[in-house]
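For reference, the chain that follows is the form predicted alone, supplied as structure tokens.
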Amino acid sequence: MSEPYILPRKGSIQDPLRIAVLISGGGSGLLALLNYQQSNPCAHITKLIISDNVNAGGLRYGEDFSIPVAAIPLPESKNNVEQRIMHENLIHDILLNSNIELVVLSGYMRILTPNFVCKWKGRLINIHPSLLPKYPGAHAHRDALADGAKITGCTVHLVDEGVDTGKIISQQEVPILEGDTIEKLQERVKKVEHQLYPKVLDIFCSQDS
């Protein structure tokens, strides 16, 4: 049985929600969020950056913005399921120890297990590079182009126990242009993601639970 969403408390400019951002790579979305938070009064503040990749370029923004970072690679284990749960338990512990109230996935490339999701459901948010429910999964741009689609976009959604199946919060369309490659489309969608995600977080963090 699917667990219900339990939303975070209502944040404010005076008492913003404490956010952890999970990344796997360069952190362009993280940088867009941090710049937005510095430039605008917000009901959210980034207090922790976590990566499953010790070499993730986005970890450098911790030093640039004076935010604690944690690189948590997969622990050694021959059992894949056990390994994933051990890894997520390490993440869960540091989230609790850092008093995190909302987990923001930004280019985090690991699929979270129901074991982790159920602990944070309603306080776990993601952005996906398609207009869900179309083109879920890791190859959204490839799938949109292969489908001959004329429109794609991005979706901010709550994370549930499935893959890109959680409650949709907001979407924005991006046209697919003649001659688009995966790389060209990815870059255009990213620009929209970087504008949409911080603004949607504003609304989400300011609402009553």
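We number the residues from 1 along the sequence you see. The model shown is predicted, which means the values in this text are computed figures rather than measured ones.
Heads up, the form predicted together with a small molecule isn't pictured, but that's what we're talking about next.
Per-stretch contact check against the small molecule in the predicted bound form, the hit in 123 to 131, 72 to 80, 110 to 118, 95 to 103 (non-hydrogen atom, 4.5 angstroms): Single hit among the candidates: 123 to 131.
Answer option from 162, 68, 175, 26, heavy atom within 4.5 Å of the small molecule in the predicted bound form: When the small molecule is considered in the predicted bound form, the option within 4.5 Å is 26.
Distance check, residue 188 to the small molecule in the predicted bound form, heavy atom within 4.5 Å: Residue 188: no, not in contact with the small molecule in the predicted bound form.
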